[in-house]
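One chain is shown next in structure tokens, namely the form predicted on its own.
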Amino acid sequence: MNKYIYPLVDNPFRKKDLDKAIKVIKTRRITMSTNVNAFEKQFSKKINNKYSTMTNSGSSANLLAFQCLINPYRKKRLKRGDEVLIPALCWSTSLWPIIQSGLKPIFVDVDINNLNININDMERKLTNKTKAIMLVHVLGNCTNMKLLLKLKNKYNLTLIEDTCESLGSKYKNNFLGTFGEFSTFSFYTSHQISSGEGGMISCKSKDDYEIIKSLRSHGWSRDLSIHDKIAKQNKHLDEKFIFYNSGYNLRPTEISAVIASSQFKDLNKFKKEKNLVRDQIVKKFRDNILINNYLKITNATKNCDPFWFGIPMILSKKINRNKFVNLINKQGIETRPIISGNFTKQPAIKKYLKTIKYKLPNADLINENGFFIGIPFNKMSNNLSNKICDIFVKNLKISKL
């Protein structure tokens, strides 16, 4: 089957989003400029984070967070070999910036009930070398942030929130991405809002913000508040091309900024619509005895108000997961692993890290029995939700071990 009756994602772009993009294209000014700046301010105001910097992706935002943490201009910086706790259920570019920055990732198991970092296992793995937590908010859900922040403060740890899958979700009425020193977001096609490609990094410190802006754009000083001072100290150089720091080119385009801004204005509307679709499907599933016997749907953590990215599920060990997902994919329901499963099972780990000696039983279970379906529609017909339920029931029966 070439066309899914229930895909992971629809084309996310509305006419008004594309009209704004076309207007920018017609100006012939596409390189990062005023529209990027305006969206950064809009984003900061909405989520209540003082400093926000747009990037070309959420992955780049993660890289900037860790490169800032080790940067020589940072007063309290991490040193080579310092340990960073990270849940085993993560995306590749949640992990690699840790390694690329000379730091040591320590994998933590997850909570089987909410798929997020397991606080008890996290505390067990704390050492005197632990300096930071790379927290991944999974598919719109979160861990018990109250307990996590208690540990963070007790051990004086830096918190980076990878919120790429969870824009718009809240914990105790505060947006996820407002609890740590750094937070990252993604506007990829399948995420809560989309600009095709694009991301954001937010931080609480002006000093960190200045470092991030320089790192984002080649390491030059031209966008910094101290640029004039640097220029006076380097009169032998063209003031437009003073390279003050190390750097990358991780800048977004004006096109991405206006599309993201257009969608961001409707974040609350998108959240309401998507969560209604999710609730309709979940209700159908929970009303079915067979599905309840063989499949567990992840619930929101207490005090979390999620903007669901998808509908994550864990199959009973009595069901052959690979057979089941292959069957429902062929019958029109698109699936994918929960993030990328237990990342310690990925072949790249063997090339870059020593063998992981400790056990991660919950991440293993999710790796072997977990998957999720998307939430692609603004409205869900009763006929389609019934059909999805029927496909699940039919294939659970024939996928038993």
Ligand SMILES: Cc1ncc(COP(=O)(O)O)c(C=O)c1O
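This one's a predicted model, so the numbers in the text were calculated from it and none came from an experiment. From 1 onward, residues are counted along the sequence shown.
Unshown form predicted together with the ligand; subsequent notes refer to it.
Taken together, the three residues Y171, N275 and W308 all stay farther than 4.5 Å from the ligand in the predicted bound form, as judged by their closest heavy atom.
Of the candidates T178, T158, N329, T93, T93 is the one whose heavy atoms come within 4.5 Å of the ligand in the predicted bound form; the others do not. Among N367, S57, Q67, N49, the residue placing a heavy atom within 4.5 Å of the ligand in the predicted bound form is S57. Contact with the ligand, judged by heavy atoms within 4.5 Å in the predicted bound form, is confined among 211-219, 104-112, 141-149, 163-171 to 163-171. Looking at G198, you'd find a heavy atom of it within 4.5 angstroms of the ligand in the predicted bound form. Although the partner is absent from this view, Y294 stays clear of the ligand in the predicted bound form, with no non-hydrogen atom inside 4.5 angstroms. Contact annotation: S186 falls within 4.5 Å of the ligand in the predicted bound form, judged by heavy atom distances. Contact check for H191: a non-hydrogen atom falls within 4.5 Å of the ligand in the predicted bound form.
Residue V136 is the only one in 118-136 with at least one heavy atom within 4.5 Å of the ligand in the predicted bound form.
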